[in-house]
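Take a look at this single chain, the form predicted on its own, given in structure tokens.
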């Protein structure tokens, strides 16, 4: 596996592992398999692991260790990994969404961009199971593959200063749920009444990269049936 990555220093207290394989899915599986291995190994001085689509940021305390030691530990971990697993274990999350209206104010504009009806956008967005590729801002937002839209979706020309928690958004070729109130420039298609984060849990989010999301349209009058319920996996 080592021949498929490049390891470079990043500032005074981090190292970046960049996957360089030709296949995008292989790159993604490689960096997440390495992140899993490092998390289990609990390397001395390492305090942060941030895997994305094709790279892994390894943050360390430069008072406890150094770039050379961390790079050597990464090389050892890569040698021990051997072949990259063909699949990652995953859970399925079924997410009710009220599309359009006050919960999805950008649905008409997205439909116009794509040359679709609003119903067509909803059908494409909810008709495909989407894979979480990495966790982003704020606080572990699930960054997913996008639905099979005919073209990328443009970000908002003027970002919002406050996006409600549970907002379901798209931009480019990605989909996301905003887990907590925050600024944001992604067009909003709808909102889920579920509680995405559990602030009282040691693990704030129940999902991880590789898990799958399926969105299910509900009517506005069904909001209260789901309001405040925790997001849990449908398959255990």
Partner chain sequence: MADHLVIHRAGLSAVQDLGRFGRSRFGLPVNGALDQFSARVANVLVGNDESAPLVEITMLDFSCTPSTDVLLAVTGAPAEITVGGIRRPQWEPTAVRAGETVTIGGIRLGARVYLALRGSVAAPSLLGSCAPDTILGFGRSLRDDDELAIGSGVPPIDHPVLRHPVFRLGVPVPGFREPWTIDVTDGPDVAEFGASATRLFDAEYTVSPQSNHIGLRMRGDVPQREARGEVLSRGVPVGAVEVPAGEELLVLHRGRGVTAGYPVLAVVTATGLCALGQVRPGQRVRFRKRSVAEAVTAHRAQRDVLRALRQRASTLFDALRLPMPTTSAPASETP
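Bear in mind that the values here come from a model prediction, so they are computed numbers and not experimental data. Positions refer to the first chain, counted from 1.
The form predicted together with its partner chain is left out here; the points below concern that form.
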| property | result |
| --- | --- |
| Residue 181 within 4.5 Å of its partner chain in the predicted bound form, heavy atoms | yes |
| Exercise: residue 138 in contact with its partner chain in the predicted bound form, heavy atom 4.5 Å | yes |
| Contact test in the predicted bound form: residue 120 vs its partner chain, heavy atoms, 4.5 Å | no |
| Heavy atom of residue 51 within 4.5 Å of its partner chain in the predicted bound form | yes |
| Output flag, 103, 196 and 214 jointly within 4.5 Å of its partner chain in the predicted bound form, heavy atom basis | no |
| Partner-contacting position among 94, 114, 143, 124 - heavy atom within 4.5 Å of its partner chain in the predicted bound form | 143 |
| Those residues of 16-49 which, in the predicted bound form, come within 4.5 Å of its partner chain by heavy atom | 32, 35, 36, 39, 47, 48, 49 |
